[in-house]
Ligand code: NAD
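Taking the form predicted on its own, here's one chain by itself in structure tokens.
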Amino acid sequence: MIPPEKIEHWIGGEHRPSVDGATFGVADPVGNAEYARVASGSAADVDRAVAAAASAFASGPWPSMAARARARILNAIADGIEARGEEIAAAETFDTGLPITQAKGQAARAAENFRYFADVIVAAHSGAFSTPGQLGYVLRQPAGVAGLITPWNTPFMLETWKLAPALASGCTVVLKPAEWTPLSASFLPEIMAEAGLPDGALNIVHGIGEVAGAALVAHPDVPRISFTGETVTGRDIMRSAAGHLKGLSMELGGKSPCIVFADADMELATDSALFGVFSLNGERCTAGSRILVERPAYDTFVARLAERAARIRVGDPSDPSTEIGALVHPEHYERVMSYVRLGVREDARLVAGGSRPAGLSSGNYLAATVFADVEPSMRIFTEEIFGPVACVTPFTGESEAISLANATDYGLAAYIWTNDLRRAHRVASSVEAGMTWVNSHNVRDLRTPFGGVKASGLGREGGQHSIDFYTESRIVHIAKGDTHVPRFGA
């Protein structure tokens, strides 16, 4: 593909440079060559975007539009995404290094995000509560301007994952895309304008997280912040948002366990373990990067993982046969490689990968990497690596499996493989995770709550949980007859 030479903000229905003219360069992960200059937002640019969103919320048609009318526009946005699906996927692959087959799946999911929330708002209803003397009914109203801060791993899909419910709820938005992967967000203004979204309902400010993202979080006229990213950044956002008592939804880091009991279907468990940690280049928050295997099956399972991992195809992200592409950025590549070196120093047994694949002398490439005999005291066991690196640990019995699964600060996802239904229920209720899959990989119903416990996040999104976050519920009480009030001081 031929990328644009510059990417600007989108504010109030117009492309705009930064107030101070500042830009930053962005490179592709295969050649690490700069392909565009991107407007670098400051507090002044965030102010402009928030002002446009606030004006659209206060006097524009979007917040007061009937649900069916909003849904028509959301479905038209989905149509626009589908019409450009191949182009969006190619841009995502170019910008992030994700394999093209997986990028196409992300583009399709992005369209479905808008279709789903179009259905949700049309079917939405509020409660009413009646007693002999009083009627109460709930008003559900959009919360105002929503600030959306998205990550670089699957940028377009995760942007739509936040945009769809925020817009469906009647909010206007300011989106701050990840600075490493700004390309696919540049499709949104045209798609949404063609679909009929009013000017000012969508605003995009590019920039460095510590500057543009921080200004958005701190802005007094943004009552909702939805953030996906690192736990350290999440803590900073909580501190900044506290001054204005903002509503926060944050999906943060993960170090999720994949627990394989000896009675499991080993063929399916192997497929799931490999897909869970190596799909999306391992750059996924829900990756089952700690594979815990019951001792009777351990040696065979490790050998199977190592043999399969060695055959995973690493290469050009645009090649449909590629299974792992290039990691997103040289800085992140070096971070992942530092954990590989750390694993070797910690005396974990390297059974697959660990280095650049043969024939790929440049680009951010790492072969699918598997460490066995990983002890819970090792940093590669407890810390998020966010790359194609799996850690395998043996366990004896159910209680040890649960103990190992919970031996981390994180609690986003968990995967359990067993043919014992009673054990599956016991373990699922004992593992500290916001989301658990039993005999299944990461397939998620859009109606279900998404989020983590412990250091993996705050709040839930997905289905009605997203609508609850982007709206305020207000109760109105009305007397149905004569009102009898105690007469103080009569």
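All residue numbers are counted from 1 along the displayed sequence. As the structure is a prediction and not an experimental result, all values here were calculated from the model.
Keep in mind the form predicted together with the ligand is missing from the figure; the text below concerns it.
With the partner left out here, the ligand still marks one of 106-114, 372-380, 223-231, 358-366 in the model of the complex; by a 4.5 Å heavy atom cut-off that stretch is 223-231. Although the partner is absent here, E251 sits close enough that one of its heavy atoms falls within 4.5 Å of the ligand in the model of the complex. Proximity of A195 to the ligand in the model of the complex: non-hydrogen atoms within 4.5 Å are absent; the residue sits far from the partner. When the ligand is considered in the model of the complex, G343 lies well away from it, no heavy atom lying within 4.5 Å.
Residue contact check for F450: one or more of its heavy atoms lie within 4.5 Å of the ligand in the model of the complex. A heavy atom within 4.5 Å of the ligand in the model of the complex is found for one listed residue only; from G170, G213, G353, P317, this is G213. For the residues V392, L188, L158, L280, the 4.5 Å heavy atom test against the ligand in the model of the complex is passed only by L158. Along 143-168, residues I149, T150, P151, W152, N153, L158 each place a heavy atom within 4.5 Å of the ligand in the model of the complex.
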